[in-house]
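Structure 1 and structure 2 below are two forms of the same protein chain, each written out on its own as C-alpha cells.
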Structure 1
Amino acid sequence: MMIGDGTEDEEKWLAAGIAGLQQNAFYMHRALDSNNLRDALKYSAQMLSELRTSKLSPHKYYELYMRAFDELRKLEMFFKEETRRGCSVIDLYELVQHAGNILPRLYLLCTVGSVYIKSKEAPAKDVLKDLVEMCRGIQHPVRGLFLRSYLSQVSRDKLPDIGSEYEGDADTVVDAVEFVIQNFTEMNKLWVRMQHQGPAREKEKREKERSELRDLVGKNLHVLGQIEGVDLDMYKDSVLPRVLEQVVNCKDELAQFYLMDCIIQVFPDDYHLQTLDVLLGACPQLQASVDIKTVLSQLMERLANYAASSSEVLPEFLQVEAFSKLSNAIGKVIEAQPDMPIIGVVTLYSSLLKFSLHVHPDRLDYADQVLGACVKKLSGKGKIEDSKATKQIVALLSAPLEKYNDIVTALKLSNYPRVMEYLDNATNKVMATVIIQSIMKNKTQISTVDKVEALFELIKGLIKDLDGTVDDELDEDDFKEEQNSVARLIQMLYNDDPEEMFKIICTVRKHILAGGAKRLVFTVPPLVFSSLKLVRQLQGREENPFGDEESTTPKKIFQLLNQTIEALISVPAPELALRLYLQCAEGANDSDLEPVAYEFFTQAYILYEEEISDSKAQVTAIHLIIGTLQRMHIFGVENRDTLTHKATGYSAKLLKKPDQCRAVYACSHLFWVCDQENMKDGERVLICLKRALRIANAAQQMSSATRGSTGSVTLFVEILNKYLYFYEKGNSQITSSSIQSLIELITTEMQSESTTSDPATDAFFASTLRYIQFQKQKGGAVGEKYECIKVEL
C-alpha cells in the first residue's frame, strides 16, 4: 500500500512540477518575445525553481529536467540575440548570478556561459573553469548530477579541442581534458554519495535509482573519448591515471564496475593495449565485491576482436606482451579476492583463453597454460555445483573447439580433460555432446588409437555411468539423442590402415562394453558395421603372405564381433543381436568363411528359439533369416540343408495362419537361387507353394468358422504371383495348368458370396491378370509360355 501511494504521489508531484514549469515558461516566452531581459531572467529563474524539488525519483526528475532543458535552449538563443543587440555578455554573466536560489542561478550561469564561450570574449578555458567550479554549490546528488550533466551538454561542442574553433594560445586540449575530468570527478562523487542518503531500508531502491543515473556520469568519459586531441601519450600520462584514481578512490562497487566498463568501451583498443599495465594495475585495487571478471572479460574480448580485425596489429600485442600481462593480472585479481566465486574464476580464464586463441592461435601452450591455471584454482573444490559456473566451464572448453574447428587440437591440450573433471555429470555429458557435434560438423577424422583413447576420456560421461551414480531423472529422449550421437561418432573413427583400424575398433569396443546394458543397443551396431567395413576392405587384399599372427584377419574380426554381439543378449536385445548375427553371417559369406557363417546362423537360430517369443517379432525375424539365408552361397549341401530345414520348420510353426502361409511361400526361394545351378530344386519349391496353398485354405476355413465369412483371397493372389515367378524362371514343376486352376479358384472364390470383397485384393488380382495378358502379348519365348494360360479380364 505504501509503495502504491508513493508512486501515485510522485505522479502528482511531477504533474505539479510540470505545470509550474510550463506556467513560468509561458511568461518567460512572453518576456523573450518582447525583449524584456529583466522579466526573462525573473521567470526563467522561477521556472528553474521547479527543479529544486526533492520529491521525485531520478526517473521522474529526468522528465522534468528535459522539459527545462528544452526551455533553456530558447533562453540561450535569446541571450545570444541580446549580445547582438549590444548587451555585454559579461554583464549578462554577472546579472544571472544575482538570483538568490542557487540551482536556478547555476542553470542560468551555464546557459550564459555557453554564449560567453561562443562570443570568444574570454578564453573558453576560463569560463569552463568558472562554471565547473561554481557548480560545486550543488551538493545534492540528484540535482547536482543533472546540473553537471547540463553543463556537460552545453559545453560539449565548445571544448578547446585540437582543431576546434575554441582552441587558441591560451586554450589547449589540456584545458578541455581538465574541465571534463573535473566535472566527471565531481559527478562521480555525487553519484557515489547517493547511496548514503535516506534510510537504510531503502538501500535497494536507491541502488536501483543510482543505476539509472549512471549514464550521466559515464557520459563524461564518452566526451573524453571523443576529444581529438587526446593522443596516446596524453591518455597514458594524464587522462587514464586521473580517471583511474577517481575510480579506485571512490571505493564504490557500483561505480567501479560501471566506470571500468566505460573506460574499456570508450577509449580505442590500441590505447588499451599500450596502457595495459596501468589499467590492469587498477583491478586488484577495486572493491572485492566488484564484478571484476566481467570487466576483464570485456577488455579481453575487445582486445581479441581488435586482434582479429587486422593482422597488422598483432605485432603490437607481442610487443607489449599482452598475454602474460593479462595472465598475471588475472592471477593477482584472483589472489586479491579470495572470496571470488568459482564462476568468477572460470569466467576470467575463459576470457583469457579466448583472447589467447584469437591473438596467439599458434601458441597452443598458452591455451594449455590457461587451462592448467584454471585446474589449479578448481582443485580441491570438488565438482562444481553452481550452474552458472558450469556454463562458464562449458564456454571455456568450447572455445578451443570453436577456434580450431578440430578436436584433434583440443586433444593435445593436456589440461583439457582435467578441467572436465570438475563438471557435474549432466554437464559433462553436455560438453561431450558439444565435442561430438564439433567433430560431426567439421568431419574431423580421428585416426589413431591414442586420439581415440583421449577422445573417449573426454566423452566418458556419455560412454558410461560416472561414479556409479544412476540418473533416474534422465529423460529417455535425451538419452537416445546422446547415444545416437555417440553412435555417429563411432562411425567417424577411421584409418585406412587395417592394423590401426583394428586397434581403434578394439579400443572402442573396450570402452563401449563398459557402458552398461542400456547403452549397448546404441553403440554395438555402429561398431559392428564399422568392423564389417574393415572386413570388406580386407577382402580386396591377399592374405598376409607371412602368416603373421599379429596381423588383422577377417577371422579375427569375426571372433571379436561374435563376442561383441553376445553382449547384447544380456541386455536383453535378442532381436537386435539376431539382425547383427545375420549381418555378420553375410559378411562371413563374402569372406568365404563357411564355419564362421554357420556359427553366426547358429547363434541367430538359438536366439530365435530361446529368446524371441513375441509372434510379431518372430515373423520379422523369420523373414530376415530367410532373406539372409537365400543369399548365402558358401554353405555345403549339408549345412545348407540343416539351415533351410530349420527355417522352413520355423515358418510352419508361426502362430497366425496368414503369417505361416507367407513365411512358407517365402521359404520356396531357399530352394531356387537363380544364378546358381546347383541350387534349383523345383520339386521342393512346389512342395512349399502347395503347402502355402493348404495353409491359405485352412486360414479361409478358420475365418469362415469363426467370423462367418471366408475373408479375403489375398493369400491366394500372393501365392499365384509366386507361381508365376517360378513359372517364368523355368521351374518345370510349375505348370500352366496349375496356374490356370489357381486363377480359376481365385475367380470362383471372389464370386462366392461368403467372400469379403476387398478392393485392394481385387486390384492386386486384376493387375496380376493384366501382367499375364501383357506377357502373352510380348510374343517370343515368354509369349509362348503364357499362351496356354487363359485369362478372362
Structure 2
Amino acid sequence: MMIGDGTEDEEKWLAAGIAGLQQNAFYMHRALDSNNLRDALKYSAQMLSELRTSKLSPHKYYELYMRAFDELRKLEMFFKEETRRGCSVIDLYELVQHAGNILPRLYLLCTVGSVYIKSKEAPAKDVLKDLVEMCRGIQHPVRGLFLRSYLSQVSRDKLPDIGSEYEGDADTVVDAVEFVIQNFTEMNKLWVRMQHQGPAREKEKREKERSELRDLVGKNLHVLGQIEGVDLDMYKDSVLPRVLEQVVNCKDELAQFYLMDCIIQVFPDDYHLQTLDVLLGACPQLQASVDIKTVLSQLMERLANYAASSSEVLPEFLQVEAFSKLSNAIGKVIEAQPDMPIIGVVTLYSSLLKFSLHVHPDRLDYADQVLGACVKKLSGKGKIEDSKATKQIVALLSAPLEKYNDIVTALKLSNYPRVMEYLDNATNKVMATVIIQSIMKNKTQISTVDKVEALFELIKGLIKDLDGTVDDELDEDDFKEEQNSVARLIQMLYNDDPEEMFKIICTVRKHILAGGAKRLVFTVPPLVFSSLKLVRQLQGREENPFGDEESTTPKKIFQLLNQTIEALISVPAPELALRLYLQCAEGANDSDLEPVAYEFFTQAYILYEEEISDSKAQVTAIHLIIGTLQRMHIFGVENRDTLTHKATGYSAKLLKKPDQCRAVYACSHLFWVCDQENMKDGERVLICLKRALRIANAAQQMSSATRGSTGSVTLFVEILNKYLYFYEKGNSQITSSSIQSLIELITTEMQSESTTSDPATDAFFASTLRYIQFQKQKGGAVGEKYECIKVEL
C-alpha cells in the first residue's frame, strides 16, 4: 500500500527507520561483543542503510541521524580496540570500502578514518583529503549535508593545526584550512541546491527546512575560527576571500545572510578591523533581498564593543580609517539596492552613528556627517509614516543624547533638526519628549538664547500645533503630561547674567504665545515664575542712574509679565490669571514699585469683577486677594485704603452667608499687620469682626427659617478665635468682656434645642476654651491678661 503525504505518514516512516536501525544495531552490538569484525561491519552497514531514505523532512531525518551517530561512536571505540589488538588500521580502512551501498560505506569510512588519523600511521592531511573527496559521492542535499556534518564532527579535534598532536610539516595549517573550506564549499552547494528541488508551491516549506539545517553548514566556519594557526595574514590572504567567494557566488538570499552573520560572529574583532575593505566589498554584491542592514549593524556593533573593551585598540580604528570605510560601504549598499525600504536606510545610519559615537566620541563632525547622509537619502520622501522606520529615526536621534547625556552637544549637530523634519507629527512629539526627559535626567542647563532657540525648534511638536495636527486626536491626559514636561523644561532655562536671562525669557515667551490658547495654562505660569526669579535677582542691584534703555530692570520685566498674563484671559483662564497677577504684585512689592503693584492689583480686581462668576471660585479668589494684600507694605494710605475697601466690599457680596462671614473676618487682618506700626487700626478690626458676627447671626436665622434649626455655631467659634488673636496681639478695641460675651453666646446657642449638634464644632470650641485656660495658667503678663475671662471646661 502506498503511504500518502503528511505528518502522520512521516511519523510512520521515522518509526520504521528507527526500528530497522535498532534491530541492526542490536546485531551489531552482539557482533562487537563477540569480536566478530565481519558481522559488525555487515550489520553496521545495514543499520546505516536506514539513512538512505528520502521520505523524511530534515527535522525527522536529524532524529534518525542522531541515533545512528550514537551507534557509530560505539563502533569507533570497537575499531580502536581492534587496532590495539593488532588489527591493521590500513586493512580496516580498505575493508570498510567493500560495503554495498555508498552512503553506509562513507559513514564507515569516516569512522575508520578518525581511528586511522589517531593511529598516526598516515599523515592526517592525506586521510582528510581522501575522505573529503570521497564524500562527493553523495549529492542528495539532505543525505550529503548530514554525511559531511559527520565528517566535520569526527575530524574537528584531529586537524593538523599548530600545536596539535597531528601537526605535520611546515604547511600543516594550510592543509587543515583547505580541508575545512573544501568541506564547507561542498556543504554550501548542497544546502543551496535544496532550494531548487521540488515544486514551486512548496518553496516556503523548503525555506523552513533549509533554515533548520543552516547550523550544519555554519559549523565549518566555527571550526575555521578555532584553528590556532590561522593568523591575520592567512585570514586576510586566503581564508576570508575564499569564504566570501562562496557566499557571493551561491547567489542565495538565505545562505548569504546566514553565512555573513557567521563570518562576523566567529572570527576575531581585530581580524574584522584589519580586513574591513574585503568584508565590506562583498556587501554590495549580495542579492538585493538579503537583509544587509542587520549584517552591517551586527558588524558595527561588534567593532564598537571591541573599541569599548580597551582604549589601546582605538589607534587601530584610526589607522584603518574604519569610519570612512563603513560610511562608504553603506552608501554603496544603498546605491546597489535602490528599492531598499526606508527602515533599512535609517537602520544602517543609526548603527553607523552608534559606532561613531562609541569609537570617536570626540568627533562631532562624524556624527553630523552620518545625520547629513541620512537626510540626503530621505530627501524627497516627505513625512515618514511607516511606524517601524520612524521608531528607527527616534533611535538614531536618541543615540547622541544617550552618549553625551547633554542636549547642548546634540544642538551643535546642524543636521539633527533636519532629520527630525521627516518624522510624522506623533513621532515628532515622542522625540521632543525624549529630548526633554534627557534634559531633566541630566539636569542640563540651557543658558544662551541661541541654544534655547535651537532647542525650541526641536521640540516645536509639543509647543505648537504642527501642520495637519487636530487637537481632538490627542488624549487629554497625554496632552497634560506633554505640556507639564514643557513647563518643567522652562524652569530649567537659566543664566546668571540678567541681560541674557531676560533674552531667554523673551524667546520662550515668543514660542509659547504662538502655541495656542489650550497650552497657555501650562506654559505661562513657569515663565512668570522664572521672570519673578530674575526680578528677585535684580533687587539687590542699583539701577543705572543714566537710564540705559537696553539694560534689564524689574520694571521692564513686569511690563512683559503684564502682557503675558493678559493672554490667559483669552483662553479663558481668569482664576489662573488672577493668581499670577497677585504673584506679580508681591514681586513688585518686594522691588518697591508701588505703581506697578497697584496696577497688578487693579488687573486682578477687574478679573474678579468681570470674569469670575462661579461662587466657589469667587471665595478662593477673595481669600487670595486678602492674603496677598495683607503682605503688601509698599502702598501709601490712599492706595491701600482703595484696595482694602474693594476687598471688604467683595467679601460682603459673596453669595453664601458662611462664605461672606469668613471673608469679612479675614479682612480684619488687613487693618492689623504685626510688624508695621502704621498699619494697626484696632477700631476697623473690631468693625470687621462685629460685621462678621452679624452675618453669622443672619446665617443662623436663614437656616432656622428654611430648615427649622439654627444649624451649627461653627462661625461663632471661628470669630471667637479671631477675637482671641487680636486680643493677644494688643488690640485695645478687643476687650475681655467682649470675648466673655461671645463665649457665653456660643455656650447658650450650643445648649439651645434648635441648634444642630456638630461633633467637630464641639471639639473646636472645647479646644478654644482649653487654650484660654492654658494661657491663664502661664502666669505673668499673659496670665494676667486672660485672668478676667471665665471659662467652664
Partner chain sequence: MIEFKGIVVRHVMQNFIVGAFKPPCNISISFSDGRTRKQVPLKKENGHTVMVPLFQSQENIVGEVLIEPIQGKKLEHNGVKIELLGQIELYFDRGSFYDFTSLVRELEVPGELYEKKTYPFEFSSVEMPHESYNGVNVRLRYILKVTISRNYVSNIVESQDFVVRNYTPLPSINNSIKMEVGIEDCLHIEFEYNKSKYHLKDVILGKIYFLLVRIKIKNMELEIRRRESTGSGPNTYVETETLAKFELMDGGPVRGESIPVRLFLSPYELSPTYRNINNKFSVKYYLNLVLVDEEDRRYFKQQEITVYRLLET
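As the structure is a computational prediction, the values presented were derived from the model and not from experiment. Basically, rigid core = biggest C-alpha set you can superpose within 1.5 Å across the two forms. Quick note, the numbers are simply positions in structure 1, starting from 1.
Pick one: which is the form predicted in complex with the partner chain?
Pick structure 1; the other is not the form predicted in complex with the partner chain.
Out of 189, 336, 414, 77, which one is the hinge of the rigid-part motion between structures 1 and 2?
Among 189, 336, 414, 77, only 336 lies at a hinge between structures 1 and 2.
Quick question: how big is the domain rotation between structures 1 and 2, taking the chain as two rigid parts and the angle in degrees?
When the larger parts are aligned, the smaller part is off by a rotation of 5 degrees.
Where the rigid core has been superposed, how far does the Cα of residue 30 end up moving between structures 1 and 2, given in Å?
Taking the core as reference, the C-alpha of residue 30 is shifted 4.5 Å.
With the core fitted, just quote the Cα shift at residue 227 between structures 1 and 2, in angstrom to one decimal.
It moves 2.6 Å at the C-alpha.
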